[in-house]
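Just one chain follows, in the form predicted alone, and it is written as structure tokens.
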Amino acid sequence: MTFLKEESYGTVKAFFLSSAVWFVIGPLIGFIDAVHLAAPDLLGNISWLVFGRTRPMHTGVVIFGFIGTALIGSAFYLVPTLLRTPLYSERMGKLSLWVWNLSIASGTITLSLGYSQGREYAEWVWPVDLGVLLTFLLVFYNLFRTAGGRQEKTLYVSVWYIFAALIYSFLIYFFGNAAWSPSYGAITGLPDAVLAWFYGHGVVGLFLTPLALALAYYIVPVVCRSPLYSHSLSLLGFWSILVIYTHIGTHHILQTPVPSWLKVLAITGSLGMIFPVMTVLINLWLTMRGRLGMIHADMGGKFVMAGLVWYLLTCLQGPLQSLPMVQRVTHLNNWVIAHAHMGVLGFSGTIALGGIYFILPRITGRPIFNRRWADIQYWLVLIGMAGFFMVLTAAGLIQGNGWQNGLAVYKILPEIHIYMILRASIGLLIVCGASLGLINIYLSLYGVRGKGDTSLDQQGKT
């Protein structure tokens, strides 16, 4: 089977190309969502394009298809490189990608046909859940066996984050999707809401975040040609995020009759997240101190730097909106959607793109096909993300203020209609950036030498 053949860095290449394809599909479905909100009757009543189906299709493809695929592919590069040993099995790596892609595609198609478990971020039906869990097991086993034959005895913090992400992701996915309950994918009553948001928040904080930080901890020192400022700080940030992040999901359901002690735990944990976040950012910013020019001269470094800025903004806003007084205005409106876009696309998505552009020249032996295209994609994603943040935040505050003053929903909708039009327009920037990136990544892998970054030889192949 040629698709499972042994090939140097073949697993990484396949994951990156798959991610680029999913990056086109995810925002395209999101654009359809935005069109529904701006012009509900424009697309008619096509069953597989109604908002209730395309919205979970969009979130699943972006979280798992685009970002998750890129970050797992980066892990297949980081672990062997940092441990100075070949990947245990390229065939197993490619098999894990086929299972992963088949699961995401099946989940997307079944959602379009109306089959759903009806829980946010956990809508995929049970057979798809099994495929996702199997992928986590295959990836973990492959990388664990790789680590078992390592030449480098010191485990750099990126390796810690990668293995933690795989272990936690399997557990939160198994429990969050109630994998022991094939018929429903849920438990009953209020505990199901608590479990759902244990998973819903964890899929961002314990799947995407550790893998994105693993990339940042690797790329920043290499691009800056400077050692990490503090290995001790990096491990302090690692352990604190694992301890704190697991129990803060309940801040999404403060208005429900969950136990007060759980609400207090979630709020204090959310506020406590400032500690691990600032530990990470201070460590990385001190590493790049005086070397910002080097960061922005490297395409991968530029994306990572932008992602870290979004990480700061996301994790300042998150604790703020966990406070009950703030939630009275911000909850259940577009403010939360703005926050979700910041955390998923702004932080982890931008770093995932940085990982692709940083690693590609090092596994192909030649520069990115067209550096200018990559730069255009960078600005399209950055401007698009900034636009999402401003437009959705404004719409959310209008909604929250109106509800605080007793206005009915139908009276507020005309006021935010212009923001929904702007949202759809901004979405086109992301779709265009993703399409350009797909062409660039494909040609970087399989095309002729293009107008890439000619400084690769100077940067080295570390």
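All residue numbers are counted from 1 along the displayed sequence. What you are looking at is a predicted structure, and each value in this text was computed from that prediction instead of being measured.
Heads up, the form predicted together with a small molecule isn't pictured, but that's what we're talking about next.
Although the partner is absent here, H339 is a contact residue: one of its heavy atoms lies within 4.5 angstroms of the small molecule in the predicted complex. Although the partner is absent from this view, S348 contacts the small molecule in the predicted complex, with a non-hydrogen atom inside 4.5 angstroms. Of the heavy atoms in H331, some are within 4.5 Å of the small molecule in the predicted complex.
In the predicted complex, at least one heavy atom of F23 sits within 4.5 Å of a heavy atom of the small molecule. Though the small molecule is absent from this view, in the predicted complex it lies within 4.5 Å of a heavy atom of just one residue from E120, D375, E152, D192, which is E120. Checking N283, S96, S270, S169 for any heavy atom within 4.5 Å of the small molecule in the predicted complex turns up a single hit: S270. In short, of 75-83, 256-264, 354-362, 202-210 it is 202-210 that has heavy atoms within 4.5 Å of the small molecule in the predicted complex.
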